[in-house]
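Coming up is one lone chain in structure tokens, specifically the form predicted alone.
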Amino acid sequence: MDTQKSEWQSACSLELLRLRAQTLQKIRRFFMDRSVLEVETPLLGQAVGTDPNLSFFTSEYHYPPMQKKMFLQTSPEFAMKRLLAAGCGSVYQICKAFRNEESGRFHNPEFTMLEWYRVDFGLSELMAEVEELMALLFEHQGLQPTQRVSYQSLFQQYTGLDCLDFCYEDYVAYVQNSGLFDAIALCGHDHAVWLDFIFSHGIQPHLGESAFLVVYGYPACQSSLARINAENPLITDRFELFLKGVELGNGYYELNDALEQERRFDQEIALRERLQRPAAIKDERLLGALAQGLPDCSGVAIGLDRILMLLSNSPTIDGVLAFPVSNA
């Protein structure tokens, strides 16, 4: 009987359910005060993101005589950009997103995402708005003022390596000295994979110990949807947000060149094939929207379940979900 009871009950407390509702109310009020339009886009789509690091869920749509493979979206980004190209102005969305093969302390395959796009915002303006929203949500947490630091300087500080100039021997020496021996076989000679591995194991756990940290200027090999920086072609106009070693958000000065975007999609699809990952269908509708004209804009996606983890000092993401995948 006790087992049956634990299986049907919510995994989190009523107090945390109320905290989630209050947080969503604050977010909606924040964007209402700034005249940013709330939108909804499909969770089920005919195409999906091509990022080799992401796995997706598929479903079969039956409408005789038609039968079609559909994809649960890993992010609402592509559909929201189609709305931007249609002239809707600045928009935000709070929705579910789905990523297969993800489960753990900070991951549930179904999670809640806040994503927004600000027309005529550069990256610095968007970073400032992210900082304003975090200050509102964490106003009683006693945090120090948000800090900003470049990816390159952070990488140099913690590893002594140059993140923009890939030297295989130097990277191997670093992981050997750090006891991260798995990296050599996992990363091969792929610079982007090396950066992800070293950053996540050797740098990220130290970030944002007492304040939000915004890391900007990511290497160009890591950002398929961001613009190349106008002053330094080795980096992109991208940032990520961290607190207490947890990645909370990822923002871009959005790429609006349809030809360049398709080239990057094709590169990622080829890499997925080499890695024997499930084939992804690139979003031709997004490419059509970019060709029509995406307004100059910056956008960011933030994981709200992780925000709630930090607000409530919950050790795992399951603790802030009513029904995580284990008892969904």
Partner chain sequence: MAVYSTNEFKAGLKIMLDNDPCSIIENEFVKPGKGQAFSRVRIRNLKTGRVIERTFKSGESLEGADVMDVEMQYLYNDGEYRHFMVPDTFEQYQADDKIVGDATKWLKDQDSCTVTLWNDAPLAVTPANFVELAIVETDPGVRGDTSGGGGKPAKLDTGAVVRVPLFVQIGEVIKVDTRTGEYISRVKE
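Quantities reported herein were computed from a predicted structural model and do not represent experimental measurements. Numbering follows the first chain given and starts at 1.
Not pictured, yet referred to below: the form predicted in complex with the partner chain.
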Y171: touches the partner chain in the model of the complex, heavy atom cutoff 4.5 angstroms: no
Using a 4.5 Å heavy atom cut-off, state whether H189 contacts the partner chain in the model of the complex. no
Whether A128 contacts the partner chain in the model of the complex should be assessed with a 4.5 Å heavy atom distance threshold; does it? no
Would F212 show up as a contact with the partner chain in the model of the complex if we use heavy atoms at 4.5 Å? no
The partner chain: the contacting residue among R118, R82, R99, R227 in the model of the complex [heavy atom, 4.5 Å]: R99
In the model of the complex, the residue from N250, T112, Q152, Q93 with a non-hydrogen atom within 4.5 Å of the partner chain is N250
Which is the contacting stretch out of 192 to 200, 154 to 162, 227 to 235, 254 to 262, given heavy atoms within 4.5 Å of the partner chain in the model of the complex? 192 to 200
Can you name the residues of 96 to 115 that have a non-hydrogen atom within 4.5 angstroms of the partner chain in the model of the complex? R99, E101, E102, S103, G104, R105, F106, H107
